[in-house]
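Next come structure tokens for two forms of one protein chain, structure 1 first, structure 2 second.
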Structure 1
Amino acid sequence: MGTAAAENFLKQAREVQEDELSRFAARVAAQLQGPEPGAEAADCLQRLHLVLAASKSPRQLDAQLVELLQTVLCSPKCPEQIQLLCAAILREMAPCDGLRLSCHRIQNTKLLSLVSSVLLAQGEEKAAVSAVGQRIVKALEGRLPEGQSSRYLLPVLSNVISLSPEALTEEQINVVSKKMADWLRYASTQQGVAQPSGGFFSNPRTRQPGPVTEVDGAIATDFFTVLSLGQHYTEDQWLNMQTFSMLRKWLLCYGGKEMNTPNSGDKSEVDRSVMSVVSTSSMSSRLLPPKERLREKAFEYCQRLIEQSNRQALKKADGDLQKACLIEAVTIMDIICKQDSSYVYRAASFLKILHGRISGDATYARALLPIAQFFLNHGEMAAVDSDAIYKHLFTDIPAQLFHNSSLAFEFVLFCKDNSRLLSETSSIFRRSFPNLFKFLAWNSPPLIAEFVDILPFLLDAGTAIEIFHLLLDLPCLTAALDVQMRSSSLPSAERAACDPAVKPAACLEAFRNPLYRSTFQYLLRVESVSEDFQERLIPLRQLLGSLASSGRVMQCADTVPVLLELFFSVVAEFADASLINQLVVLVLQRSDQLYEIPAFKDDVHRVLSSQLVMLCKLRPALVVELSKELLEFSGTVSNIQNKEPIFTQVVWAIGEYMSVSYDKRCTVEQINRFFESLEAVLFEVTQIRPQASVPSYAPRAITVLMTALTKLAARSQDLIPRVSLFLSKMRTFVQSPAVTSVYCEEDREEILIRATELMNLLKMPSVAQFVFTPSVDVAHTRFQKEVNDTLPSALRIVTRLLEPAPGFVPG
């Protein structure tokens, strides 16, 4: 209800016309010119800001109003709410031509923050960003006037380094680093004092504040962190929390850069490591350079946060904060260890213990990702066996939490960013691909782009076949996950195993049926297995067909063609003869073992047919080696209707590559066998049965069959009379009433023209033999490739040379 009202409100704001906006802007200007803008002015400014923010294209305001907004913003007597709204409107108008704001002379930190936000919103001109950065750092390093606070400036500084990290000088970086170290480590552990209301009964002698507490209610005995709780906070406590919020960004921008002092280049890595170790044990940390000191205090702060995360929070919000801070703390420790390797040993032992503590709690699943990232980056240096961490991450988390969409995205993004490192570091990543694909099966299509990057790193000679099957069964996996989810939500009494003697009528019954248990377990497996379950999956696919219309299943099915094309392009780079032959056989077998979604089957057949051509071009000898499988497939007439794209390409490959030019093992007997098989198919397709309806076969299949027969006859010339006779009868076929009722004129003409061209070419056997059966020396030359590419043109030229008169057709 509230969402609908908000959408309606935004729609009204977007539909405000320019003339209406001009009149309203004049009203706003009148309100701001009053003696002291009040509630009505605030309401008008809010409405104006909504119109500007909701509009999809930039809106223009009168120059006088823009000037007035700047004047009111900088007025010391203006209410804070009015100033906030003026700044927000000026930011929405960015870039603004009439802007004259400057932050150089502003002493009030709240106003400095607002003006700086407007200036930074104007664009990313480095000079302007640098000027704001210089002013903010100057304010931070000096003594602020009474009543002013630095906490309004840190968010602006964070914005500055996001826009232009080079805006600060090395000296300024050191100044801020020193202050950040102090804010992190030395904030007060006493709660802040509530601001007096100023009422008649307010007591000037307020009670002294108590100490801050931990999330479990215990009094904090260590230094203050963002997980320390109080009713009110002091100025340095606010700065502590703000510093932690921008710490990661600061370290990434400046933590790794050392000061350009004359002696800085003389220190070796060992010297810095020793210095860091000594500094934490015997030296005062204040003697360290500012960046090293900030790293030390940040590391201590993160350790403290990780310790605090072990406490039982009294409120859910505090528990959520614990988990968020834990993730950030581990991430920052990883950054610190990248910048100073002396911290690796302490961090590794600390995080190993942390992993053991939280790995059994699914609510901490997101925190396992930065821990795994740390050991990926530093496990070798720390001499730690990280396989247990990776195994738990890739085995348990996807299987249990594939339905958590935010975790799925973070997990897959982690895999994408570390694909190369994971594949080189541990075999667990590649073995766990069945588990990883659960994320895609349940959360596609938002994750398809990430899986396009991940898939090449999962593929090798050992996983290619299993991944091929998995890709084809991906919608089936989605359906199985859906059944698993629904089964787990049933009462325990209904989850009992079914009678194996009774054939299950529904998916949920099959999931509990012992006869289907092993096939469900295979489909839902967590890692790669060598056993082939494809035959046993056929009845399960049929049972899961009731979920084929599910939106989630159909969305998953849409991702398969993209991944299939990528699969073949990657496999082509490393596949040997054996793997290519296996894939070709599987293409033929799996083409009729697909999940029952018509559009999905059509798309998969289209992709498989194009990739079959690629495999044949990659290794033409497979046509001879797989002659049995290809004969069986091409000799089945029903394949023309059910799998026309694949059938057509198989017939093309037979006609193209069943030749001694490509494989010396090719014999006349093999050519004759293929010829007889394809001849029988073409006869069946073109046979006219007056008493029955003529099946509608694709014209392309008929023309490819004719062409393949002609090619085979050119290589075994005893067959030329047979194919010539067959081709001469095509005119009778295309002109029969039964055929004209099925095929359009354009299709009939296409069949007839190709038959005429082929028959004319066979009248010159030597030419036909050269065109269709090049010698070994010519087969791979550029000339022969061009002949094959332009074969239709060559056929037409021969036809024109041989035709005795216009309009001659066989018949």
Structure 2
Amino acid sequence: MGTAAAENFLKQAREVQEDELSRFAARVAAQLQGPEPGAEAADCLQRLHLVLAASKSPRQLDAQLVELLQTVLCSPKCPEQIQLLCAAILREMAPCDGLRLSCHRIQNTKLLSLVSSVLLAQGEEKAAVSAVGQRIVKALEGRLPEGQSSRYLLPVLSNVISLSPEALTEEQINVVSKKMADWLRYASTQQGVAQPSGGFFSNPRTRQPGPVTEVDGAIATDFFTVLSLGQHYTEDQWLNMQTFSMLRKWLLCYGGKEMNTPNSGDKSEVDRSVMSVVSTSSMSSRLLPPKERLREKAFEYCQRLIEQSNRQALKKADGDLQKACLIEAVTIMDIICKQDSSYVYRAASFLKILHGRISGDATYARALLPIAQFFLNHGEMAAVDSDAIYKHLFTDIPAQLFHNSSLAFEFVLFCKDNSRLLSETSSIFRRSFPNLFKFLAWNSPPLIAEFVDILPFLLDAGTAIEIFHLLLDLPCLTAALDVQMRSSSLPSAERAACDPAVKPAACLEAFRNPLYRSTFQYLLRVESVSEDFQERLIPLRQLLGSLASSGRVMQCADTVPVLLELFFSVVAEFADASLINQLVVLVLQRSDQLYEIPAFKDDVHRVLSSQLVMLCKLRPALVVELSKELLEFSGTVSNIQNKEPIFTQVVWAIGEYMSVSYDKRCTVEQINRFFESLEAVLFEVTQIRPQASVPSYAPRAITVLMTALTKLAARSQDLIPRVSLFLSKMRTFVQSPAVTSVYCEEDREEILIRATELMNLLKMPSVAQFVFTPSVDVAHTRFQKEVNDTLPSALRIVTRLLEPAPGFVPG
């Protein structure tokens, strides 16, 4: 749409100067004051509107012009276009000083609606909103002048009660409720008459219009609703449509037991006691107070709509409307039942039948959500077994319709709004998390924020491990869903199973290969399973790597780090020792079983490494309990290249927590074993091979290794000479030409300084021991915490104590 041209226009409009605007405003005023404002006046008003709208800060308009705009707006002979433009300008300027507009004397309902839109946009005082509300109700109550239609009034009323429910008195609420009940239930079932076009050949005796029809063309079988079709509509049919359109809001606002209007008094007490005696059967409905009568008629209307949704609409657009009507009808029934529980039995049996009818139809899937909501709210009272409904909802729908983004959004929102209730009511919610995550895997950007709220409700000791794996494999799930979709769109001949002996070259083939089938089925499962499929996922993950660069997969991968962090923060609150240990082992294992997207792997490593630290701080004893796994991980040199963040934190944790203070079972042998392993790694990493190029290991890995070795030596003091010797060789390492070419000066300096400080600390073994191996209660004092946090500076202090003269003292 010519964005460059639009951009230009906006820029010009913004740059109009104040004096230019004044001159232009005067011109507009002159146009409007003329006898019949026409096309030129409209043109001017359009430009004026743009100038006002284009700037963020308000523009001042001459008070006379503002006055004139209001006059012109209300003048009966003004063309509609001019009126619309005046109203648009007045709204654009809101809040507008000098607004004298009032709706009290306006008889033309269409103009009343337009003027109301200006008044309601001003926005400060409830009184102004209330005044509009009063005028509208008055117009609805009384007889309108000839030729005026009520149908412009209801939307204004709807807006009024949204802005200020207190705008109407109790009496007015009752009057309007009564009218609404009549409009809903007793609108004409005959089609309207065409307005006679006049002219010489028009026949004043118009044909009898005939009855309205259903959406499938059949003659209407019962009272008029929004799904009744006709060529022309009568006034009360318009009101029927509009009443239904605002019905939910009206009921929510005024249908409840507590009146939030100022005029509720003793009268309502009498009403209520009458209500309790009178039954809700329609025979005595005339005796019902207006609110209760409206409820009754609304309920009947909803039932009729639900029945009408069974018909096959002739036009697709009407079919879409049917579905929207169905959703609205069920929602309104739910509200009615909340407001009056005597409706629950009728509604429950009706909705159970409806559910049976639509549950197999994918085009009606969205309507299953309000039905499930109803049973969540009222199922217990209705003594209906709603498990079948939840089971179908959570088991079948996500698997079949994850790609329908509107359904996905509404489904996830349903889960979010009902997380607590769902986890208490039925185990199916929590068990279905693999299915729920399909929505996120396919439609990541709009759903990630909502999943952040749902995840805590899905996590417990039973699901934590499986969810951990699922989160790490979420982009794989996206890829698998893609393969599944493409496979199901193939003609059936091409979908036959492949020869299992032939290794599949591509994902689509793999989907049909019997050996891979069960692994695909595991990824695409609908429910939590206890079996561990991790080993079998490895080859499939590799195969799915061909899809790793797809936009959808990458958007999903972006959501994983944030979900992982959330996962750990929630799990930390309830995890016991066994679960924490399990997670640490899995972090180590999974760190090289990740989907092959480089940025994704880096982000996941970063998150896992920080969460590893969190887990170790939570339960330091795990370092001793998992010494075997940690030894193996920290002893593998390649881990420094592939998973530097995790490696670094593992080594840090070993140095920090491998100590009798944290676990009495820590033995000298264990400390020595770790020492030797880490020493070997550090040796490997600092070896200078003149012929080969030095692979660059992160400097942080080197310093953390040195520090860990020193800490271990402080606890098993026989090791001190070995460490000191090693540390003393760091100067040579750092100064060698091979290293100078690979590491920058700051890094080399950092390594050297740290080596020196550690050596110096080891010269005072008892100090070293205190600093590095505090007793646990000391560790929690402020002093020790500070020392731990500021270890480098503590080391520097010690260094200065030992070296009063500046310069490096070789060990």
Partner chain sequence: MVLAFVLLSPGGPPPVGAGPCRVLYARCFGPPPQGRLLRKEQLLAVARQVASHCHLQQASSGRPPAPTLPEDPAPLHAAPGGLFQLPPGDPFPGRVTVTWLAATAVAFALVCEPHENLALAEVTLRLLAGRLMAVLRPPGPAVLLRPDATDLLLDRLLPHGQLLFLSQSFLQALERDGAGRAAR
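Note that the coordinates shown come from a computational prediction; the quantities given were computed from them, not determined experimentally. The first residue in the sequence of structure 1 is number 1, and each one after it adds one. Just so we're on the same page, rigid core means the largest C-alpha set that superposes within 1.5 Å between forms.
- Only structure 1 of the pair represents the form predicted on its own.
- Taking 2 Å as the criterion, residue 84 counts as shifted between structure 1 and structure 2: its C-alpha moves by at least this amount when the rigid core is aligned.
- Core-superposed comparison between structure 1 and structure 2: the Cα of residue 97 travels 2 Å or more.
- Here residue 188 does not count as shifted, since its C-alpha moves by less than 2 Å between structure 1 and structure 2 after the core is aligned.
- Fit the two forms on the rigid core and the C-alpha of residue 18 turns out 8.2 Å off between structure 1 and structure 2.
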